[in-house]
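What follows is one chain in structure tokens, specifically the form predicted on its own.
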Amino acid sequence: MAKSVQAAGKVAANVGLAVVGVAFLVPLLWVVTTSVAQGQTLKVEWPKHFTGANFAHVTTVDILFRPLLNGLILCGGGTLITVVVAILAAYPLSRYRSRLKRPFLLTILFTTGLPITAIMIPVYAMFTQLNLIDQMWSATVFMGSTALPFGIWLMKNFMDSVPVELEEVAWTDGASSMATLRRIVLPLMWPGVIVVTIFTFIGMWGNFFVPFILLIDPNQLPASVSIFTFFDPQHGGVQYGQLAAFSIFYCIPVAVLYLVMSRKLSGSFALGGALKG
């Protein structure tokens, strides 16, 4: 009886995973087939006539290359800000004791679930008064700051896995806290830094609302906003073929980042023998 229940559970789990896999596979299949088809709709079907016109139309400076470059600058700069500040903020939270530590961590946990739409109206008013609207650098700093709660929370948990005894040995030799952070802690938690980097960049890369509100000049809009130009219900509806072709190019930076960074994730935090001997 127990074996039959266990077997039924495995079958149900496999069926559930298959359904989830199909739910992800069907949209990807539509993007690929639609990008090389003429007059394609929302139906997932094999193209009757193959064409490269959709890719030829979107591979221009104004439509593709400039928005991708703007997105790389915006998201790359924001990710750099988040990772650096998260490391500096997570270190004292991981290594030092304080009465305010728990309330601060709970505040960080609360802000990770705060929707960005809840603060955009006062943020837009503040940016307008400070003449920061339509400034790439200000939008980059803001996006980096909004990702900080999640980044600090993750970074602190990764930093907790590094034994503090390794730093104490360096402290007895006269090393400062920043020196031990740079030479001991960061090399050992490098996979955690990579994870935070990937999660932060992906979250910013798909962010539509923040750059749409804070940036006005079309020449400064990232690809996450410029993709909206393919939706034109007043002039012929949605250009599905061009939208699909643009979407394929839009996914390339994230895929490249993941492939490059995942190679450095050669395993887990191999600290089991760090204190032996």
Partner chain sequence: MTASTTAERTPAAPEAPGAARVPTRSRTILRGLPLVPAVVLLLVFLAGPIIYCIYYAFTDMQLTGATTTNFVGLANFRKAFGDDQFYNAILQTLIFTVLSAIVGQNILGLVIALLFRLATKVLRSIVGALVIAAWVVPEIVAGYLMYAFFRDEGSLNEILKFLHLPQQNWLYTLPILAVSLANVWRGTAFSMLVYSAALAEVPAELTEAAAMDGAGVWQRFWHVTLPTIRRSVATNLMLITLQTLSVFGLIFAMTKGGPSNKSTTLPIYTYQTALQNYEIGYGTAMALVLLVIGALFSLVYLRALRPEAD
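Being a predicted model, the structure only gives us computed values, none of them experimental. Residue numbers count along the first chain shown, from 1. Take the two forms, superpose them, and find the largest set of C-alpha atoms that agree within 1.5 Å; that set is the rigid core.
The form predicted together with its partner chain exists for this protein as well; it is not shown, and the discussion that follows is about that form.
- For the three marked residues, 10, 18 and 243, a heavy atom of each sits within 4.5 Å of its partner chain in the predicted complex.
- Among heavy atoms of residue 192, none comes within 4.5 Å of its partner chain in the predicted complex.
- Its partner chain in the predicted complex comes within 4.5 Å of a heavy atom belonging to residue 145.
- Not displayed here, its partner chain is kept clear of residue 260 by more than 4.5 Å at the level of heavy atoms in the predicted complex.
- Not displayed here, its partner chain is kept clear of residue 63 by more than 4.5 Å at the level of heavy atoms in the predicted complex.
- Contacts to its partner chain in the predicted complex (heavy atom within 4.5 Å) from stretch 207-227: 208, 209, 212, 213, 224, 227.
- Residue 216 shows a C-alpha shift below 2 Å between the shown form and the other one [criterion: core-superposed Cα displacement of 2 Å].
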